[in-house]
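One chain comes next, on its own, written out as structure tokens in the form predicted on its own.
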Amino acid sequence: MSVILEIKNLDKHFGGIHVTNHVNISFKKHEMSAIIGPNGAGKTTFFNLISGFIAPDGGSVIYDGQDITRDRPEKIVKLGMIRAFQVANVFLEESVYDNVYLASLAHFKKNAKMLVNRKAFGDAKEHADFILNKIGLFYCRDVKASELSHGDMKILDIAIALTLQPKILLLDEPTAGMAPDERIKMMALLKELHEFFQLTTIFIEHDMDMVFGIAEIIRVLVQGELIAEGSPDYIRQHERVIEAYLGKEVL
């Protein structure tokens, strides 16, 4: 598989704190990758850097051969790198359907020429129906987003991200705050979506069952430094990872 996202010597300071320490990572197309590490390891900062929410102090971010290091988030989204946040970013007073439809409409209108803009409405409706069916929320399409369970609200947030037709999907703690049955459901759904849409999926996660259950590659950050990367079996046995984060009882 070819590389779709290359991080070169990425560096970030906040005051005297080195939160991202010359990180080098190459993500391959269609890879399912987990980013783990203890609290304060720099995981969310890393996502903020590669998705354009903050600018690095050094290094570069190369997306599909294009330097996007200092591009704005909206430009990065248009290129196909989409982020779903730890706290679901949905319109709580709108229905499940309207949340997905409005995101689809914005996407199709942006990509339509003026003369065919009317077609965008039909395309958005068809796409919203497709996404809701695929994500498993069509049955509650008329329910207000505020009435969803925590797990279903996180799934709705991912559905909105999928309307933008991502090539890379960034997920910030997709199972945070979920009950055990919801976490199992999310694990199965993410694996299915990853394979169906041929995504490159990169997720930050503290739930080790999920990390070792679906990630093909695991990368470990500690104090902003990449200390290890490799298969789940490799990470399980990595002494520095065990010492710094996982703990022998987890492995």
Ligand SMILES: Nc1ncnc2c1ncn2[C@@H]1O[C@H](COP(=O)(O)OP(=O)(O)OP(=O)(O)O)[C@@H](O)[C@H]1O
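Keep in mind it's a predicted model, so treat the numbers as computed, not measured. Start at 1 and count along the sequence shown; that's the residue number.
What follows is about the form predicted together with the ligand, which we do not show.
**OP:** Verify the contact flag for residue 43: yes if a non-hydrogen atom of it lies within 4.5 Å of a non-hydrogen atom of the ligand in the predicted complex, no if not.
**Re:** Yes.
Original post:
Would residue 234 count as a contact of the ligand in the predicted complex, using a 4.5 angstroms cut-off between non-hydrogen atoms?
Top reply: No.
Original post:
Going by a heavy atom distance of 4.5 Å, is residue 39 a contact of the ligand in the predicted complex?
Top reply: The answer is yes: residue 39 has a heavy atom within 4.5 Å of the ligand.
**OP:** Evaluate residue 19 for contact with the ligand in the predicted complex, applying a 4.5 angstroms cut-off between non-hydrogen atoms, and reply yes or no.
**Re:** Output for residue 19 is yes: heavy atoms within 4.5 Å of the ligand.
Subject >> Residue stretch of 195-203, 43-51, 179-187, 211-219 approaching the ligand in the predicted complex, non-hydrogen atom distance within 4.5 Å >> reply: Among the listed stretches, the partner-contacting one is 43-51.
Original post:
From the list 123, 173, 71, 129, which entry has a heavy atom within 4.5 Å of the ligand in the predicted complex?
Top reply: Only one listed residue qualifies here, and that residue is 173.
Original post:
Quick one: which residues from 132-155 get a non-hydrogen atom within 4.5 Å of the ligand in the predicted complex?
Top reply: Contacting residues: none.
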